[in-house]
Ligand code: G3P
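The data below hold one chain only, encoded as structure tokens and taken in the form predicted alone.
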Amino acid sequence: MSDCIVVVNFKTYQTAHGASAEELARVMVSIETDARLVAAVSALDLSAVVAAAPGLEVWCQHLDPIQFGSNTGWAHPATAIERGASGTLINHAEHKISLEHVAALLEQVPEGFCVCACAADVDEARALAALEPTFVAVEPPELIGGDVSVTSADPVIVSGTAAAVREVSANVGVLCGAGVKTGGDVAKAIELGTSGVLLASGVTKAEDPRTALDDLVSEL
């Protein structure tokens, strides 16, 4: 399980933006684990988080397949990379886009730049996998931010997604998210066929993020 990836989405939680994002990143980089820990942060916090936690893998929460020019309010991949991003989430349930948008982004980013495309169900996961992002992460929207992990509430969607994605492409990793909060949840996700998890509130809203992170990787 040492190859497990744990992506923490900072979203725009008050406890994970600005100076709080920098502090949480420092906590993440100090965790002793063989797991791959990733912070997915707001574009506004990207540079500061990269500077605050050297060695931590940092992704954007969203990017747009745009060229340089008149694109007010859009997030350019090249700028994110220049500011230290090594990957991005895309098509999250809270920021849905088209398959064409995902495909265009994948064509634009350089080789080695991680793109984790989020899916609400097995069918969407299968469609996204055909585009060959680095990861597809299945997150049933109704469970996001809840207290029950997808691994126990709907284990079939996790195992089904893992199987569907691998039927389409052996190169695409599978993550699951929604309600993931404990080391047991992470271990179950691996057992169901994933490469790891994508979570947010289990860490960002925890009273003690260090303890929460230690627990998440405790069974790996």
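Since the model is a prediction, treat every value here as computed from it, not as a measurement. All residue numbers refer to positions in the sequence shown, first residue = 1.
There is another form of this protein, the form predicted together with SN-glycerol-3-phosphate (G3P), and it is not shown here; the text below is about that form.
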Item checked: Stretch in contact in the model of the complex with SN-glycerol-3-phosphate (G3P), which is absent here, among 159-167, 191-199, 65-73, 50-58 (heavy atoms within 4.5 Å) -> 191-199
Notebook entry, point to check: For Leu175, is any heavy atom within 4.5 Å of SN-glycerol-3-phosphate (G3P) in the model of the complex, or not?
Noted result: no
Item checked: Ala103: touches SN-glycerol-3-phosphate (G3P) in the model of the complex, heavy atom cutoff 4.5 angstroms -> no
Check: Any of the heavy atoms of Ile81 lying within 4.5 Å of SN-glycerol-3-phosphate (G3P) in the model of the complex?
Finding: no
Checklist line | 4.5 Å heavy atom contact, Pro77 to SN-glycerol-3-phosphate (G3P) in the model of the complex | finding: no
Next item on the list: Sort through Leu143, Ile97, Ala127, Val109 and report the residue having a heavy atom within 4.5 Å of SN-glycerol-3-phosphate (G3P) in the model of the complex.
Entry: Leu143
